[in-house]
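Given as structure tokens, the chain that follows is alone and in the form predicted alone.
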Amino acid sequence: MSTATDTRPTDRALLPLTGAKLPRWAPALVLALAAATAGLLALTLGWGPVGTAFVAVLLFGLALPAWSLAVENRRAATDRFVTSLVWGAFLLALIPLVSLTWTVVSNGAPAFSAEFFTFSMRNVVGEGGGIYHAIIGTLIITGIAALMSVPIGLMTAIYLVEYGAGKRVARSINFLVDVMTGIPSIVAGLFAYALFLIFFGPGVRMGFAGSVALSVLMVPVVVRSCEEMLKLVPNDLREASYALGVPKWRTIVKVVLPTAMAGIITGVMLAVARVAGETAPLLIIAGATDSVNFNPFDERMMTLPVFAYYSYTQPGVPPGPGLERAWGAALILIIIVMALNLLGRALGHLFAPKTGR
């Protein structure tokens, strides 16, 4: 009696689990060759830096997957192709950002001096003067706008998440917030002008009115950011608080808000940074002045965006100092916005819920 035997190979060496792979330095080599080729084409055809970078990224995205397909396999080549697309999109997105940053820094940094930060433009013709009055105006107007917008936006978000879920009023508020998010900034300025025109008459200009215009733009951003952060708080925390007999308002104050505080602070800082660079509404209602004004309820108040606008469009004679001051104001505005973003991240990390074992 004979028994059937399995004649299939059982040696694990005959079943390779790995195949040929490109060396780890292959992407760097391909990138270097692509950059060199694009550079030669740029020198020959007279391309600019943007065209050269685009061709280099394109060559890299085609050459590396082709090499991978020849050495590895189709799956690895597809993976490298998609990875190349992602990195290529990232590098292309960096081009305008780096170009903008370099342009502002190179043109604005020469304007920096002690006089530039400590003097206003009062009685200044030609060279000299500074942006002290514009910095003060920006801080005052933006600060008042934040003081008005943050409580309104936060309480609106609390109502939408904690009290109005599924109600018709909450749906109406959501619709209005969406509409306010998309309105042009100049409409907010016209609204503030029409509102203060009723009480102060034609030609009204004051810093507080500019704060009202900025708060119209800031409120929907605060509402949306706070609403999303409150939605991320687990319902288990609320239910545990209710089970202990804690009332709803105290649960919101002691449990929900502290848990979402990191995201709320980050959202508020982003909203402040968003309105700090607005120009159109402040041109309409806050006006412009060459002097320092610490009173937001009296007369015109200069801000950095408006100062940069007037310095660039009306540089004076000779135009050199005016243009330099405009670039300097733009650089200071970028630094302030970046500082607000960094402050928001730091505060978010500080107030983030601490976890432990």
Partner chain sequence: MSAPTTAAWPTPPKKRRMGDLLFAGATRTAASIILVALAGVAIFLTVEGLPGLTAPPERMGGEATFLAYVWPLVFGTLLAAFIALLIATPLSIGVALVISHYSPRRLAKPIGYLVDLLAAVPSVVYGLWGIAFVGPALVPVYRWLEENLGFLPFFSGPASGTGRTILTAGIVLAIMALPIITAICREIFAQTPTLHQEAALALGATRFEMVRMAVIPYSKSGIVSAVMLGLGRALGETMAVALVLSATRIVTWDVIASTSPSTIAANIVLGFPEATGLGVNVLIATGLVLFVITFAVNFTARLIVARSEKGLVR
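Positions refer to the first chain, counted from 1. The structure displayed is predicted, hence computed values, not measured ones. We call the rigid core whatever largest set of C-alpha positions still superposes within 1.5 Å between the two forms.
This protein has a second form, the form predicted in complex with the partner chain, left out of what is shown; the following refers to that one.
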- Query: Is G128 close enough to the partner chain in the predicted bound form to count, meaning some heavy atom within 4.5 Å?
  - Reply: no
- Message: I'd like to check something about T156: if you look in the predicted bound form, is any of its heavy atoms closer than or equal to 4.5 Å to a heavy atom of the partner chain?
- Response: yes
- Query: For G263, is any heavy atom within 4.5 Å of the partner chain in the predicted bound form, or not?
  - Reply: no
- Interface membership of V104, the partner chain in the predicted bound form, 4.5 Å heavy atom rule: yes
- Task: Select from the listed residues V71, L139, A194, A109 the one whose heavy atoms reach within 4.5 Å of the partner chain in the predicted bound form.
- Result: A194
- Query: Can you pick the one in P305, P27, P321, P296 that has a heavy atom within 4.5 Å of the partner chain in the predicted bound form?
  - Reply: P305
- Message: Can you confirm whether V82, I284 and I334, the three residues that make up this candidate site, all sit within 4.5 Å of the partner chain in the predicted bound form, judged by heavy atoms?
- Response: yes
- Query: Considering only 312-343, what residues come within 4.5 Å of the partner chain in the predicted bound form, judged by heavy atoms?
  - Reply: Y312, T313, A326, W327, A330, L333, I334, V337, M338, N341, L342
- Exceeds or equals 2 Å, Cα of G322 between the shown form and the other one, core fit: no
- Query: 2 Å or more on the CA of G88 between the shown form and the other one, with the rigid core superposed, yes or no?
  - Reply: yes
